[in-house]
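A lone chain, given as structure tokens: the form predicted on its own.
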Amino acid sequence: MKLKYALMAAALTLSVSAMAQTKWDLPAAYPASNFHTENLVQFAKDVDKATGGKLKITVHANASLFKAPEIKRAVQQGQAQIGEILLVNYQNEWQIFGADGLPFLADSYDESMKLYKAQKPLLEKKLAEQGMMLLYTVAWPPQGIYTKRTLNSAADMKGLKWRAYSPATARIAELVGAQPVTVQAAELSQAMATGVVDSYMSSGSTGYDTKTYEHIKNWYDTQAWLPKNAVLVNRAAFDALDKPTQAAVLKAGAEAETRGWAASKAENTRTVNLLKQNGMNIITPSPQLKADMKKVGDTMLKEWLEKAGPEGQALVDAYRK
């Protein structure tokens, strides 16, 4: 009889804890082996541990739950409670999202963090209006040019089949006379293998993830910009959590941001070395190519400020203080 009651009590305890448990889905666009995704998985583990299993977050890597362009809307509409996006992908929706994709505006980790601090209050306000909150961001390593060609100047880029993943990367192609082709990260390897693209701008991390060295042999280390991934939370889903769980999510998010930026720096060194080991030529751009690309950056900043208006000007002024 005692055993029967003990079993009933155990079953009741299990059912209560199951009822109390909340499950969140976290769609991400990059492979499980990417440092951003590994950081998300650690974040989910930290939340699980801090809440004693009350909040379980499942990371869905490599665009397996939602494709990259769909993730923001999925979080906004509550189809996913939390998700990771690349901010520059949403520049057409609101120019401030694209600030960290402007070539040579912020071209180092320190400058990128400075730009983030200027951008953050604007991001928080906009996302709050859209029923979301910004949990944390992590910068990608600096962007360089992958190409089969030898580039001495921007004129050598004319006619390249150029992978575009954001409005800014598409505009670079137009300004140098390349042909922009929209390709998301999850489809990049196939696009190179089938000749859909023969060049693109990205970090050493993306180049290594996608085995770009199997198709393209030159990477020009232009250190053009450091775009950021942002982790967004559906506000209603967050508000539905009890206070200790909310605090755990915020703390784990803050730790993920610090850890992620440090991981990005380490990843930059690691993946550029791995590209080299796999036969990639890591090339310092010529003074002419640097000057030409700087001109592209100046043009794009001017255009961006015209579209972004006083809000954009205030952001750039705050960053340049």
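Just so it is clear, the structure is predicted and the values come from calculations on it, not from any experiment. All residue numbers are counted from 1 along the displayed sequence.
There is another form of this protein, the form predicted in complex with a small molecule, and it is not shown here; the text below is about that form.
- When contacts are judged by a 4.5 Å heavy atom cut-off, Q143 counts as touching the small molecule in the predicted bound form.
- By the criterion of a heavy atom within 4.5 Å, Y30 is counted among the residues contacting the small molecule in the predicted bound form.
- The small molecule in the predicted bound form comes within 4.5 Å of a heavy atom belonging to A185.
- The shortest heavy atom separation between A248 and the small molecule in the predicted bound form exceeds 4.5 Å.
- Partner proximity in the predicted bound form, defined as non-hydrogen atoms within 4.5 angstroms of the small molecule, places exactly one of 160-168, 112-120, 72-80, 129-137 at the interface: 160-168.
- When contacts are defined as a non-hydrogen atom within 4.5 Å, none of L105, Q223 and G297 contacts the small molecule in the predicted bound form.
- Site annotation in the predicted bound form: the residue of Q91, T206, S199, N234 reaching within 4.5 Å of the small molecule with a heavy atom is T206.
- With the partner omitted from this view, the residue of M192, L151, L86, A178 that lies near the small molecule in the predicted bound form is L86 [heavy atom within 4.5 Å].
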